[in-house]
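Taking the form predicted on its own, here's one chain by itself in structure tokens.
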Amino acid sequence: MSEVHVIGQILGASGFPESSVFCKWKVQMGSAWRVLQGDHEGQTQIDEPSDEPIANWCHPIDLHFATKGLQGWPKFHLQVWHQDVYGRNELYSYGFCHVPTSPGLHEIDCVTWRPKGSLIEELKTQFIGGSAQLKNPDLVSSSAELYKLRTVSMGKVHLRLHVIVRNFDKYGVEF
């Protein structure tokens, strides 16, 4: 079996309208893939930067995959949440990015978005808080359904990933 090691971190986020944000993440992959070691989902701490426009998380990622094929290459599903002064959490945005397919160090800026609601829902968002959410968060990376959504751009999540591949050459895959 071929193997992929992903070692790195979710560095932080920038471009969000409020500070005090955190990120819930998970890795999705195809049926030919399995996680040998490491957590394939998690959550960062909340960072409330005082004078910087960037939330710093430095959340570690250490995953070891085995695969029988290239289909279903792993991808990160990200949700950025905001915690208000009363300790209430609201979903700010969704995003996803593929684990890079080439070995080496990669700096990734994952753009995020949120669904755009109706006029009444957008007014509620402005005055009461909260926002429209997806009924099925797995739609985030499904291009077949995603094009039907109206969305609003939010900020970016910054990742630094080191990718190590092993035994792909035995199956005719060169990097």
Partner chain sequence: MNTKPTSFLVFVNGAIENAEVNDFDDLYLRFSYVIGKDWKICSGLEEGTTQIAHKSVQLGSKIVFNFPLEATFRATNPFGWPQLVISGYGLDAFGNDVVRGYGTTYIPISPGRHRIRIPLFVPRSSSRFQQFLAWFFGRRPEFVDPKVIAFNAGREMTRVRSHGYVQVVFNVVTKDLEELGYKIETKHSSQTSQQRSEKNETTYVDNYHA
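All of these numbers come straight from a predicted model, not from anything done at the bench. Residue numbers count along the first chain shown, from 1.
Separately, the form predicted together with its partner chain exists; it is not shown, and the next lines address it.
- Of the heavy atoms in residue 130, none are within 4.5 Å of its partner chain in the model of the complex.
- Its partner chain is not drawn, but in the model of the complex it has no heavy atom within 4.5 Å of residue 32.
- Using a 4.5 angstroms threshold between heavy atoms, residue 151 stays clear of its partner chain in the model of the complex.
- Within this chain, residue 72 is remote from the site of its partner chain in the model of the complex, having no heavy atom within 4.5 Å.
- Taking its partner chain as positioned in the model of the complex, the residues of 37 to 60 that bring a heavy atom within 4.5 Å of it are, in sequence order, 37, 38, 39, 41, 42, 43, 44, 45, 46, 47, 48, 49, 50, 51, 52, 53, 54, 55, 56, 57, 58, 59, 60.
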